[in-house]
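Take a look at the C-alpha coordinates below, where one protein chain is shown in two forms, each on its own, as structure 1 and structure 2.
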Structure 1
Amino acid sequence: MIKKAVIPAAGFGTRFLPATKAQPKEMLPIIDTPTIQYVVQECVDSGIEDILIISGKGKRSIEDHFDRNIELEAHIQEQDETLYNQLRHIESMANIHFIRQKELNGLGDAIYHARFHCGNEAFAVLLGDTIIDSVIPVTQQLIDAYEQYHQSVIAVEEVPWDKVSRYGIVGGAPLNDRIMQINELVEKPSRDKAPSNLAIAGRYVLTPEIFEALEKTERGKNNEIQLTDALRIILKHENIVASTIEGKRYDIGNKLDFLKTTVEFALKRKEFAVPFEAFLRKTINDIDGKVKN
(Lines of atoms letter the chains of each structure in order from A and count residues from 1; the text may use other names and numbers.)
(Lines give C-alpha, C1' and ligand atoms only; values in the text may rest on other atoms or scores of the structure.)
Protein backbone atom coordinates (compact mmCIF):
# COMPACT_ATOMS: atom_id res chain seq x y z
CA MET A 1 0.00 0.00 0.00
CA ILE A 2 1.33 3.42 -0.93
CA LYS A 3 0.00 5.94 1.58
CA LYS A 4 2.30 8.92 1.11
CA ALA A 5 3.18 11.23 -1.74
CA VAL A 6 5.88 13.85 -2.14
CA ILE A 7 5.39 16.82 -4.44
CA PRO A 8 8.57 18.78 -5.14
CA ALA A 9 7.61 22.39 -5.79
CA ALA A 10 10.64 24.46 -4.86
CA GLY A 11 12.20 25.26 -8.26
CA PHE A 12 12.63 28.78 -9.62
CA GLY A 13 10.38 28.36 -12.66
CA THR A 14 12.92 30.14 -14.87
CA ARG A 15 11.24 28.85 -18.04
CA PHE A 16 8.14 30.88 -17.19
CA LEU A 17 9.69 34.21 -16.26
CA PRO A 18 8.63 36.95 -15.76
CA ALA A 19 5.31 35.42 -14.53
CA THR A 20 7.21 33.37 -11.94
CA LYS A 21 9.32 36.21 -10.59
CA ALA A 22 7.07 36.65 -7.55
CA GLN A 23 4.69 33.69 -7.76
CA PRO A 24 5.29 29.94 -7.89
CA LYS A 25 4.95 28.22 -11.27
CA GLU A 26 2.90 25.56 -9.46
CA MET A 27 0.22 28.21 -8.82
CA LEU A 28 -0.18 29.12 -12.50
CA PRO A 29 -3.84 28.34 -13.15
CA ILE A 30 -5.25 26.19 -15.90
CA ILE A 31 -8.47 28.20 -16.32
CA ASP A 32 -9.34 28.69 -12.64
CA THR A 33 -7.44 25.93 -10.86
CA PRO A 34 -3.77 26.14 -9.89
CA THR A 35 -1.59 23.43 -11.45
CA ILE A 36 -0.63 21.98 -8.07
CA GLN A 37 -4.30 21.42 -7.19
CA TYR A 38 -4.62 19.08 -10.19
CA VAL A 39 -1.52 17.25 -8.89
CA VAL A 40 -2.94 16.95 -5.36
CA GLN A 41 -6.20 15.70 -6.90
CA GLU A 42 -4.25 12.99 -8.74
CA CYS A 43 -2.85 11.80 -5.36
CA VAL A 44 -6.32 11.76 -3.83
CA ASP A 45 -7.77 9.92 -6.85
CA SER A 46 -4.98 7.35 -6.40
CA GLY A 47 -5.94 6.75 -2.76
CA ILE A 48 -3.19 8.92 -1.20
CA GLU A 49 -4.16 11.55 1.33
CA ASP A 50 -0.86 12.13 3.12
CA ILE A 51 1.08 14.59 0.99
CA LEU A 52 4.36 16.35 1.64
CA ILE A 53 4.99 19.41 -0.52
CA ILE A 54 8.63 20.46 -0.78
CA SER A 55 8.35 24.21 -1.01
CA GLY A 56 10.89 26.99 -0.76
CA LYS A 57 11.47 30.71 -0.97
CA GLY A 58 8.56 32.59 -2.56
CA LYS A 59 6.21 29.60 -2.42
CA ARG A 60 3.99 30.65 0.48
CA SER A 61 0.91 31.07 -1.70
CA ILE A 62 0.86 27.27 -2.15
CA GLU A 63 0.39 26.90 1.62
CA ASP A 64 -2.28 29.60 1.63
CA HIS A 65 -4.11 27.91 -1.22
CA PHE A 66 -4.60 24.69 0.77
CA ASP A 67 -5.39 26.56 4.01
CA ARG A 68 -8.76 27.90 5.13
CA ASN A 69 -9.67 31.48 4.36
CA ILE A 70 -12.57 32.00 6.73
CA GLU A 71 -13.28 35.64 5.82
CA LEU A 72 -13.44 34.79 2.11
CA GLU A 73 -15.63 31.73 2.77
CA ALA A 74 -18.08 33.77 4.83
CA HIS A 75 -18.24 36.35 2.05
CA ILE A 76 -18.76 33.76 -0.74
CA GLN A 77 -21.21 31.58 1.21
CA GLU A 78 -23.90 34.27 0.97
CA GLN A 79 -23.39 34.76 -2.77
CA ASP A 80 -22.53 31.42 -4.34
CA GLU A 81 -23.10 28.06 -2.68
CA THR A 82 -21.27 26.06 -5.41
CA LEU A 83 -18.15 28.18 -5.20
CA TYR A 84 -18.28 28.03 -1.41
CA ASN A 85 -18.31 24.22 -1.56
CA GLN A 86 -15.37 24.28 -3.98
CA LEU A 87 -13.37 26.40 -1.54
CA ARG A 88 -14.20 24.07 1.35
CA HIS A 89 -13.17 21.08 -0.79
CA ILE A 90 -9.65 22.48 -1.41
CA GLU A 91 -8.77 22.78 2.26
CA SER A 92 -10.06 19.29 3.11
CA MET A 93 -9.03 17.27 0.06
CA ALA A 94 -5.87 15.86 1.68
CA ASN A 95 -3.62 15.98 4.69
CA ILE A 96 -0.94 18.31 3.37
CA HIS A 97 2.42 18.95 5.04
CA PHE A 98 5.13 21.35 3.99
CA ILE A 99 8.88 21.42 4.29
CA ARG A 100 11.14 24.07 2.81
CA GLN A 101 14.16 23.34 0.67
CA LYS A 102 16.41 26.21 1.73
CA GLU A 103 18.89 25.95 -1.14
CA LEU A 104 17.96 24.80 -4.62
CA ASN A 105 20.32 21.85 -5.09
CA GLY A 106 18.21 19.84 -7.52
CA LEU A 107 15.33 17.38 -7.62
CA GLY A 108 17.30 14.68 -5.77
CA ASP A 109 18.05 17.05 -2.90
CA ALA A 110 14.36 18.08 -2.78
CA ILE A 111 13.31 14.43 -2.41
CA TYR A 112 15.97 13.92 0.29
CA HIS A 113 14.00 16.43 2.40
CA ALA A 114 11.18 13.83 2.60
CA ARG A 115 13.28 11.18 4.42
CA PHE A 116 11.84 11.73 7.90
CA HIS A 117 8.30 12.07 6.61
CA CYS A 118 8.41 8.88 4.53
CA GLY A 119 10.56 6.80 6.89
CA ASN A 120 10.67 3.19 5.84
CA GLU A 121 7.73 3.21 3.44
CA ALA A 122 7.60 3.31 -0.33
CA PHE A 123 6.04 6.56 -1.54
CA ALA A 124 4.87 8.31 -4.69
CA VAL A 125 6.56 11.36 -6.23
CA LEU A 126 4.62 13.78 -8.46
CA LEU A 127 6.33 16.81 -9.97
CA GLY A 128 4.31 19.87 -9.02
CA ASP A 129 4.49 21.49 -12.46
CA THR A 130 3.19 18.52 -14.46
CA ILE A 131 -0.45 17.58 -15.00
CA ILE A 132 -1.28 14.22 -16.51
CA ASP A 133 -4.78 13.81 -17.86
CA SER A 134 -5.85 10.16 -17.88
CA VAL A 135 -8.75 7.84 -17.21
CA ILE A 136 -6.86 5.95 -14.48
CA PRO A 137 -4.66 8.45 -12.56
CA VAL A 138 -1.03 7.86 -13.53
CA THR A 139 0.02 7.53 -9.87
CA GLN A 140 -2.56 4.76 -9.56
CA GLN A 141 -1.06 3.10 -12.67
CA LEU A 142 2.37 3.17 -10.95
CA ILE A 143 0.96 1.86 -7.66
CA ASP A 144 -0.60 -1.05 -9.56
CA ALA A 145 2.80 -1.84 -11.13
CA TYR A 146 4.51 -1.49 -7.72
CA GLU A 147 2.08 -3.98 -6.20
CA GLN A 148 2.81 -6.42 -8.99
CA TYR A 149 6.64 -6.09 -9.17
CA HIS A 150 7.61 -4.81 -5.66
CA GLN A 151 10.22 -2.54 -7.22
CA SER A 152 10.52 1.21 -7.69
CA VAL A 153 8.44 2.27 -10.69
CA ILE A 154 9.16 5.20 -12.98
CA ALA A 155 6.54 6.64 -15.33
CA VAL A 156 7.92 7.09 -18.84
CA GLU A 157 6.70 8.21 -22.23
CA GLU A 158 8.17 8.32 -25.70
CA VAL A 159 9.47 11.72 -26.76
CA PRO A 160 10.84 12.83 -30.14
CA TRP A 161 14.57 12.02 -30.44
CA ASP A 162 15.49 15.70 -30.79
CA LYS A 163 14.03 16.34 -27.29
CA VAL A 164 15.79 13.55 -25.33
CA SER A 165 18.33 16.02 -23.89
CA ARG A 166 15.50 17.72 -21.92
CA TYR A 167 14.65 14.62 -19.89
CA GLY A 168 15.89 11.75 -17.80
CA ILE A 169 16.04 8.83 -20.25
CA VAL A 170 15.76 5.13 -19.45
CA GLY A 171 16.85 2.02 -21.32
CA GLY A 172 15.95 -1.62 -20.71
CA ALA A 173 14.11 -4.73 -21.78
CA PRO A 174 10.31 -4.93 -22.14
CA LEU A 175 8.45 -7.23 -19.73
CA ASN A 176 5.14 -6.59 -21.49
CA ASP A 177 3.69 -3.89 -23.75
CA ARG A 178 3.71 -1.27 -20.95
CA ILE A 179 6.35 -2.38 -18.42
CA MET A 180 10.09 -2.42 -18.96
CA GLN A 181 12.91 -3.72 -16.75
CA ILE A 182 15.30 -0.79 -16.55
CA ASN A 183 19.02 -1.33 -17.04
CA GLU A 184 20.11 2.23 -17.80
CA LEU A 185 19.20 5.71 -16.58
CA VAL A 186 20.75 8.95 -17.81
CA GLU A 187 19.78 12.50 -16.90
CA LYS A 188 19.42 14.77 -19.94
CA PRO A 189 21.76 12.89 -22.31
CA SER A 190 22.78 14.16 -25.71
CA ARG A 191 20.95 12.39 -28.53
CA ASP A 192 23.90 10.10 -29.31
CA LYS A 193 24.26 9.04 -25.65
CA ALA A 194 20.55 8.34 -25.02
CA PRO A 195 19.77 4.64 -24.52
CA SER A 196 16.25 5.16 -25.95
CA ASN A 197 13.69 7.93 -26.45
CA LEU A 198 11.72 6.89 -23.33
CA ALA A 199 11.64 9.91 -21.04
CA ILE A 200 10.97 10.05 -17.30
CA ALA A 201 7.53 11.67 -17.12
CA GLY A 202 7.43 13.32 -13.68
CA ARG A 203 5.78 10.51 -11.68
CA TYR A 204 7.53 7.82 -9.60
CA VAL A 205 6.90 5.25 -6.89
CA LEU A 206 10.13 4.93 -4.90
CA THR A 207 11.33 2.51 -2.24
CA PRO A 208 12.87 4.12 0.88
CA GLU A 209 16.34 2.93 -0.29
CA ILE A 210 16.33 6.10 -2.39
CA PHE A 211 17.32 8.17 0.68
CA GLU A 212 20.52 6.17 1.25
CA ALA A 213 21.28 6.40 -2.46
CA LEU A 214 20.72 10.18 -2.38
CA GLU A 215 23.29 10.48 0.42
CA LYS A 216 25.85 8.96 -1.94
CA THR A 217 24.78 10.93 -5.01
CA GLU A 218 27.26 13.49 -6.23
CA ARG A 219 26.37 16.60 -8.13
CA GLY A 220 25.55 15.75 -11.73
CA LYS A 221 23.87 17.54 -14.64
CA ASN A 222 23.67 21.31 -14.07
CA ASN A 223 25.74 20.84 -10.89
CA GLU A 224 22.61 19.57 -9.10
CA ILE A 225 21.83 16.44 -7.07
CA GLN A 226 19.81 14.50 -9.64
CA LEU A 227 17.13 11.97 -8.67
CA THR A 228 18.01 10.03 -11.85
CA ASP A 229 21.62 9.59 -10.59
CA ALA A 230 20.36 8.26 -7.22
CA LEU A 231 18.15 5.79 -9.07
CA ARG A 232 21.23 4.64 -10.98
CA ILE A 233 22.91 3.84 -7.65
CA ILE A 234 19.84 1.82 -6.60
CA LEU A 235 19.97 -0.08 -9.87
CA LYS A 236 23.28 -1.66 -8.78
CA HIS A 237 21.52 -3.80 -6.15
CA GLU A 238 17.75 -3.44 -6.78
CA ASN A 239 15.56 -3.77 -9.85
CA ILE A 240 13.52 -0.84 -11.16
CA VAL A 241 10.71 -0.95 -13.70
CA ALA A 242 9.45 1.71 -16.08
CA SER A 243 5.74 1.99 -16.78
CA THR A 244 4.62 3.74 -19.96
CA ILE A 245 1.93 6.23 -19.01
CA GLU A 246 -1.58 5.88 -20.31
CA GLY A 247 -2.56 9.51 -20.43
CA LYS A 248 -1.51 12.89 -21.74
CA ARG A 249 1.26 14.84 -20.00
CA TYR A 250 1.23 18.63 -19.77
CA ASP A 251 4.40 20.41 -18.65
CA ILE A 252 3.04 23.65 -17.22
CA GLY A 253 6.50 25.15 -16.70
CA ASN A 254 6.84 25.49 -20.46
CA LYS A 255 4.98 28.45 -22.00
CA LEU A 256 3.77 26.76 -25.19
CA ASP A 257 2.61 23.65 -23.31
CA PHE A 258 0.81 25.93 -20.84
CA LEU A 259 -1.11 27.59 -23.68
CA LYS A 260 -2.02 24.24 -25.24
CA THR A 261 -3.17 22.90 -21.87
CA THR A 262 -5.39 25.92 -21.30
CA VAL A 263 -7.03 25.50 -24.71
CA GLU A 264 -7.57 21.74 -24.34
CA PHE A 265 -8.92 22.00 -20.80
CA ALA A 266 -11.23 24.89 -21.74
CA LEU A 267 -12.68 22.81 -24.59
CA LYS A 268 -13.47 20.08 -22.05
CA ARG A 269 -15.21 22.40 -19.59
CA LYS A 270 -19.00 22.35 -19.93
CA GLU A 271 -19.51 26.09 -19.44
CA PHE A 272 -16.79 27.08 -21.96
CA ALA A 273 -16.79 24.31 -24.57
CA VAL A 274 -19.34 25.78 -27.02
CA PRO A 275 -18.47 29.50 -26.93
CA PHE A 276 -14.73 28.82 -26.75
CA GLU A 277 -14.80 26.43 -29.71
CA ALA A 278 -16.78 29.03 -31.70
CA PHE A 279 -14.16 31.65 -30.78
CA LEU A 280 -11.28 29.38 -31.81
CA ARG A 281 -12.94 28.52 -35.14
CA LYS A 282 -13.61 32.18 -35.91
CA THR A 283 -10.05 33.13 -34.97
CA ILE A 284 -8.59 30.45 -37.26
CA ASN A 285 -10.96 31.42 -40.08
CA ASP A 286 -9.95 35.07 -39.74
CA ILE A 287 -6.29 34.06 -39.91
CA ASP A 288 -6.96 31.87 -42.97
CA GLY A 289 -8.85 34.76 -44.58
CA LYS A 290 -5.94 37.13 -44.03
CA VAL A 291 -3.45 34.59 -45.42
CA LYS A 292 -5.56 34.19 -48.62
CA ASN A 293 -6.03 37.95 -49.16
Structure 2
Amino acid sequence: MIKKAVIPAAGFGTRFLPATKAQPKEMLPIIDTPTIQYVVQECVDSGIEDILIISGKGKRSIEDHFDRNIELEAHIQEQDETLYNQLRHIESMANIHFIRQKELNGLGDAIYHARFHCGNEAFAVLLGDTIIDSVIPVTQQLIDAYEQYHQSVIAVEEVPWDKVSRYGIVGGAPLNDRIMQINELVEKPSRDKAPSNLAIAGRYVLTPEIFEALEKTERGKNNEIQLTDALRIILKHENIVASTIEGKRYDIGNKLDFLKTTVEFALKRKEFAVPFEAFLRKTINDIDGKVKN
Protein backbone atom coordinates (compact mmCIF):
# COMPACT_ATOMS: atom_id res chain seq x y z
CA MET A 1 0.00 0.00 0.00
CA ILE A 2 1.43 3.37 -1.04
CA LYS A 3 0.71 5.88 1.72
CA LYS A 4 3.02 8.79 0.89
CA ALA A 5 3.60 11.08 -2.07
CA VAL A 6 6.34 13.56 -2.92
CA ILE A 7 5.71 16.58 -5.14
CA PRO A 8 8.88 18.38 -6.31
CA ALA A 9 8.04 22.06 -6.80
CA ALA A 10 11.27 23.99 -6.28
CA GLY A 11 12.22 25.11 -9.80
CA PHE A 12 12.56 28.75 -10.89
CA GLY A 13 9.92 28.54 -13.61
CA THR A 14 12.06 30.68 -15.90
CA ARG A 15 9.94 29.88 -18.97
CA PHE A 16 7.09 31.86 -17.40
CA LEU A 17 9.01 34.99 -16.48
CA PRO A 18 8.09 37.67 -15.62
CA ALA A 19 4.92 36.06 -14.18
CA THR A 20 7.02 33.74 -12.01
CA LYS A 21 9.42 36.40 -10.72
CA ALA A 22 7.56 36.46 -7.40
CA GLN A 23 5.05 33.61 -7.91
CA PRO A 24 5.72 29.87 -8.25
CA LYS A 25 4.81 28.40 -11.63
CA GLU A 26 2.95 25.67 -9.71
CA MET A 27 0.55 28.37 -8.47
CA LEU A 28 -0.34 29.58 -11.96
CA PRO A 29 -4.08 28.91 -12.23
CA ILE A 30 -5.92 26.85 -14.78
CA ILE A 31 -8.95 29.17 -14.76
CA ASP A 32 -9.38 29.46 -10.97
CA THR A 33 -7.43 26.49 -9.61
CA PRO A 34 -3.65 26.48 -9.11
CA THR A 35 -1.83 23.78 -11.03
CA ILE A 36 -0.46 22.18 -7.89
CA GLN A 37 -3.95 21.79 -6.44
CA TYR A 38 -4.82 19.46 -9.32
CA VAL A 39 -1.71 17.43 -8.47
CA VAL A 40 -2.58 17.22 -4.77
CA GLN A 41 -6.13 16.22 -5.69
CA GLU A 42 -4.73 13.37 -7.80
CA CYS A 43 -2.89 12.10 -4.71
CA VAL A 44 -6.04 12.28 -2.62
CA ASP A 45 -8.12 10.57 -5.31
CA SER A 46 -5.50 7.79 -5.32
CA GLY A 47 -5.88 7.23 -1.58
CA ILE A 48 -2.77 9.18 -0.51
CA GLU A 49 -3.20 11.85 2.13
CA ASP A 50 0.39 12.15 3.42
CA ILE A 51 2.12 14.51 0.98
CA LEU A 52 5.54 16.14 1.07
CA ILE A 53 6.02 19.15 -1.19
CA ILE A 54 9.65 20.00 -1.98
CA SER A 55 9.63 23.76 -2.31
CA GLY A 56 12.27 26.45 -2.61
CA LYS A 57 12.91 30.14 -2.27
CA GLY A 58 9.93 32.26 -3.23
CA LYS A 59 7.47 29.37 -2.92
CA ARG A 60 5.78 30.41 0.31
CA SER A 61 2.49 31.03 -1.49
CA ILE A 62 2.15 27.26 -2.01
CA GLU A 63 2.17 26.76 1.74
CA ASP A 64 -0.24 29.64 2.22
CA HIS A 65 -2.63 28.19 -0.36
CA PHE A 66 -3.05 24.94 1.57
CA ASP A 67 -3.16 26.71 4.93
CA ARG A 68 -6.25 28.14 6.55
CA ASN A 69 -7.22 31.81 6.15
CA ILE A 70 -9.82 32.35 8.85
CA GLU A 71 -10.43 36.02 8.05
CA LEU A 72 -11.06 35.30 4.35
CA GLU A 73 -13.30 32.35 5.19
CA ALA A 74 -15.42 34.47 7.53
CA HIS A 75 -15.78 37.12 4.84
CA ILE A 76 -16.70 34.63 2.10
CA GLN A 77 -19.07 32.57 4.25
CA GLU A 78 -21.43 35.52 4.53
CA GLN A 79 -21.54 35.97 0.75
CA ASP A 80 -21.06 32.60 -0.96
CA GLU A 81 -21.54 29.29 0.87
CA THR A 82 -20.35 27.23 -2.12
CA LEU A 83 -17.09 29.15 -2.39
CA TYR A 84 -16.65 28.92 1.37
CA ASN A 85 -16.92 25.13 1.20
CA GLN A 86 -14.35 25.08 -1.61
CA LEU A 87 -11.90 27.01 0.55
CA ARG A 88 -12.44 24.68 3.49
CA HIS A 89 -11.88 21.69 1.18
CA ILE A 90 -8.46 23.02 0.09
CA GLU A 91 -7.12 23.26 3.64
CA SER A 92 -8.40 19.80 4.59
CA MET A 93 -7.48 17.88 1.41
CA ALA A 94 -4.51 16.08 2.94
CA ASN A 95 -1.73 16.18 5.51
CA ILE A 96 0.72 18.34 3.58
CA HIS A 97 4.29 18.85 4.73
CA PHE A 98 6.93 21.14 3.26
CA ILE A 99 10.69 21.06 3.03
CA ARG A 100 12.98 23.40 1.13
CA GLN A 101 15.50 22.44 -1.50
CA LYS A 102 17.92 25.22 -0.61
CA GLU A 103 19.96 24.81 -3.79
CA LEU A 104 18.41 23.80 -7.10
CA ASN A 105 20.51 20.72 -7.85
CA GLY A 106 18.03 18.83 -9.99
CA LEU A 107 15.00 16.57 -9.68
CA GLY A 108 17.05 13.75 -8.20
CA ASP A 109 18.35 15.99 -5.44
CA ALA A 110 14.82 17.24 -4.72
CA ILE A 111 13.57 13.69 -4.24
CA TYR A 112 16.58 12.89 -2.05
CA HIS A 113 15.24 15.52 0.37
CA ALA A 114 12.30 13.16 1.00
CA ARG A 115 14.43 10.31 2.39
CA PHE A 116 13.60 10.96 6.05
CA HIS A 117 9.91 11.52 5.38
CA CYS A 118 9.48 8.35 3.32
CA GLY A 119 11.92 6.13 5.22
CA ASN A 120 11.76 2.51 4.08
CA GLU A 121 8.42 2.81 2.30
CA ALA A 122 7.72 2.93 -1.40
CA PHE A 123 6.20 6.26 -2.36
CA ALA A 124 4.65 8.13 -5.28
CA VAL A 125 6.26 11.07 -7.05
CA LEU A 126 4.17 13.60 -8.97
CA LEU A 127 5.79 16.51 -10.78
CA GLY A 128 4.17 19.73 -9.63
CA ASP A 129 3.84 21.28 -13.09
CA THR A 130 2.11 18.35 -14.80
CA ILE A 131 -1.64 17.69 -14.77
CA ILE A 132 -3.06 14.41 -16.04
CA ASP A 133 -6.78 14.22 -16.77
CA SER A 134 -8.02 10.65 -16.45
CA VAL A 135 -10.99 8.59 -15.26
CA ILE A 136 -8.79 6.53 -12.93
CA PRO A 137 -6.11 8.79 -11.41
CA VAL A 138 -2.75 8.00 -12.98
CA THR A 139 -1.12 7.68 -9.56
CA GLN A 140 -3.73 5.02 -8.75
CA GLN A 141 -2.86 3.28 -12.01
CA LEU A 142 0.80 3.18 -10.92
CA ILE A 143 -0.11 1.95 -7.44
CA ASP A 144 -2.10 -0.89 -9.00
CA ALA A 145 0.94 -1.84 -11.12
CA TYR A 146 3.24 -1.65 -8.09
CA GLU A 147 0.98 -3.93 -6.07
CA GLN A 148 1.03 -6.45 -8.91
CA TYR A 149 4.76 -6.40 -9.73
CA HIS A 150 6.35 -5.06 -6.48
CA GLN A 151 8.81 -2.98 -8.51
CA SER A 152 9.35 0.71 -9.10
CA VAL A 153 6.87 1.95 -11.70
CA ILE A 154 7.36 4.78 -14.19
CA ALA A 155 4.39 6.36 -15.96
CA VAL A 156 4.94 6.69 -19.71
CA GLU A 157 2.96 7.89 -22.71
CA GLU A 158 3.36 7.47 -26.43
CA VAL A 159 4.77 10.53 -28.19
CA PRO A 160 5.37 11.15 -31.91
CA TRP A 161 8.67 9.68 -33.07
CA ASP A 162 9.87 13.07 -34.29
CA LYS A 163 9.56 14.41 -30.72
CA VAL A 164 11.35 11.68 -28.74
CA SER A 165 14.41 13.94 -28.40
CA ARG A 166 12.41 16.15 -26.01
CA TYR A 167 11.82 13.43 -23.41
CA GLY A 168 13.27 10.71 -21.27
CA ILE A 169 12.50 7.50 -23.18
CA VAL A 170 12.19 3.93 -21.91
CA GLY A 171 12.88 0.68 -23.71
CA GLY A 172 12.20 -2.93 -22.81
CA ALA A 173 9.96 -5.94 -23.26
CA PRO A 174 6.15 -5.72 -23.02
CA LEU A 175 4.50 -7.76 -20.27
CA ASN A 176 0.99 -6.85 -21.44
CA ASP A 177 -0.76 -4.08 -23.36
CA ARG A 178 0.13 -1.41 -20.79
CA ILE A 179 3.13 -2.72 -18.83
CA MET A 180 6.72 -2.91 -20.04
CA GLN A 181 9.70 -4.49 -18.26
CA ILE A 182 12.29 -1.74 -18.62
CA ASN A 183 15.84 -2.55 -19.71
CA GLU A 184 16.86 0.89 -20.94
CA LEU A 185 16.39 4.52 -19.92
CA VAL A 186 17.64 7.20 -22.32
CA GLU A 187 17.44 10.93 -21.70
CA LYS A 188 16.37 12.89 -24.80
CA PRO A 189 17.72 10.50 -27.45
CA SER A 190 17.86 11.26 -31.15
CA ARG A 191 15.15 9.51 -33.14
CA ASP A 192 17.53 6.89 -34.53
CA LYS A 193 18.79 5.99 -31.03
CA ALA A 194 15.46 5.96 -29.19
CA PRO A 195 14.52 2.45 -27.96
CA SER A 196 10.81 3.31 -28.22
CA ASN A 197 8.49 6.29 -28.37
CA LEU A 198 7.35 5.84 -24.76
CA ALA A 199 8.18 9.02 -22.85
CA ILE A 200 8.36 9.44 -19.08
CA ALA A 201 5.18 11.25 -18.07
CA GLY A 202 5.95 12.91 -14.72
CA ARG A 203 4.56 10.26 -12.38
CA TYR A 204 6.43 7.49 -10.53
CA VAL A 205 6.11 4.97 -7.74
CA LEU A 206 9.60 4.43 -6.34
CA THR A 207 11.02 1.94 -3.88
CA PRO A 208 13.19 3.35 -1.05
CA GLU A 209 16.29 2.00 -2.85
CA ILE A 210 16.12 5.18 -4.91
CA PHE A 211 17.72 7.12 -2.05
CA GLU A 212 20.86 4.94 -2.01
CA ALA A 213 21.03 5.22 -5.79
CA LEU A 214 20.78 9.00 -5.59
CA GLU A 215 23.71 9.06 -3.17
CA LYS A 216 25.78 7.32 -5.85
CA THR A 217 24.54 9.46 -8.71
CA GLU A 218 27.06 11.89 -10.14
CA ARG A 219 26.01 15.26 -11.43
CA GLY A 220 24.85 15.08 -15.01
CA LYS A 221 23.15 17.50 -17.37
CA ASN A 222 23.25 21.13 -16.16
CA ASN A 223 25.51 19.96 -13.33
CA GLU A 224 22.42 18.56 -11.60
CA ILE A 225 21.56 15.21 -10.03
CA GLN A 226 19.15 13.62 -12.48
CA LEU A 227 16.50 11.14 -11.39
CA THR A 228 16.88 9.20 -14.64
CA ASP A 229 20.56 8.59 -13.87
CA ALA A 230 19.63 7.20 -10.44
CA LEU A 231 17.01 4.95 -11.99
CA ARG A 232 19.67 3.57 -14.32
CA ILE A 233 21.74 2.62 -11.27
CA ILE A 234 18.74 0.81 -9.76
CA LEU A 235 18.14 -0.95 -13.06
CA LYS A 236 21.47 -2.76 -12.72
CA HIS A 237 20.23 -4.82 -9.76
CA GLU A 238 16.46 -4.25 -9.48
CA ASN A 239 13.62 -4.53 -11.98
CA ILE A 240 11.57 -1.50 -13.00
CA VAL A 241 8.36 -1.48 -15.00
CA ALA A 242 6.76 1.21 -17.13
CA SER A 243 3.01 1.72 -17.16
CA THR A 244 1.42 3.46 -20.15
CA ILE A 245 -1.00 6.00 -18.76
CA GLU A 246 -4.70 6.00 -19.50
CA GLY A 247 -5.46 9.69 -19.63
CA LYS A 248 -4.24 12.95 -21.15
CA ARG A 249 -1.15 14.69 -19.82
CA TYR A 250 -0.90 18.46 -19.70
CA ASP A 251 2.61 19.89 -19.31
CA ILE A 252 2.18 23.30 -17.70
CA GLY A 253 5.91 23.98 -18.00
CA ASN A 254 5.68 26.09 -21.15
CA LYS A 255 3.43 28.93 -22.24
CA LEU A 256 1.84 27.37 -25.30
CA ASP A 257 0.82 24.18 -23.49
CA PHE A 258 -0.43 26.31 -20.60
CA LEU A 259 -2.71 28.19 -23.01
CA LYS A 260 -3.95 24.95 -24.60
CA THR A 261 -4.66 23.46 -21.19
CA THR A 262 -6.63 26.52 -20.09
CA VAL A 263 -8.77 26.35 -23.22
CA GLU A 264 -9.48 22.63 -22.89
CA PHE A 265 -10.33 22.88 -19.20
CA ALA A 266 -12.58 25.88 -19.82
CA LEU A 267 -14.53 23.88 -22.39
CA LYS A 268 -15.10 21.18 -19.76
CA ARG A 269 -16.62 23.61 -17.27
CA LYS A 270 -20.41 23.79 -17.45
CA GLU A 271 -20.55 27.52 -16.69
CA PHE A 272 -18.10 28.36 -19.48
CA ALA A 273 -18.48 25.64 -22.11
CA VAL A 274 -21.25 27.06 -24.32
CA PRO A 275 -20.34 30.78 -24.31
CA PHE A 276 -16.61 30.07 -24.49
CA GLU A 277 -17.01 27.70 -27.43
CA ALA A 278 -19.10 30.35 -29.18
CA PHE A 279 -16.36 32.90 -28.54
CA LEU A 280 -13.68 30.56 -29.92
CA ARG A 281 -15.72 29.82 -33.05
CA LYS A 282 -16.32 33.53 -33.67
CA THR A 283 -12.66 34.30 -33.12
CA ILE A 284 -11.60 31.58 -35.58
CA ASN A 285 -14.13 32.79 -38.13
CA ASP A 286 -12.86 36.36 -37.75
CA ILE A 287 -9.29 35.15 -38.29
CA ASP A 288 -10.33 33.15 -41.35
CA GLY A 289 -12.12 36.22 -42.71
CA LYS A 290 -9.03 38.39 -42.30
CA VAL A 291 -6.85 35.77 -43.97
CA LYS A 292 -9.20 35.51 -46.96
CA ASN A 293 -9.33 39.28 -47.31
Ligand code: G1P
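For residue numbers, the reference is structure 1: its sequence is counted from 1. A quick note: this is a predicted structure, and the numbers were derived from the prediction, not measured. Just so we're on the same page, rigid core means the largest C-alpha set that superposes within 1.5 Å between forms.
Two forms of the same chain are shown on their own. Structure 2 is the form predicted on its own. Annotation for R178: C-alpha shift under 2 angstroms between the two structures, rigid core superposed. In this overlay on the rigid core, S165 has a C-alpha that sits 2 Å or more away from its partner position between the two structures.
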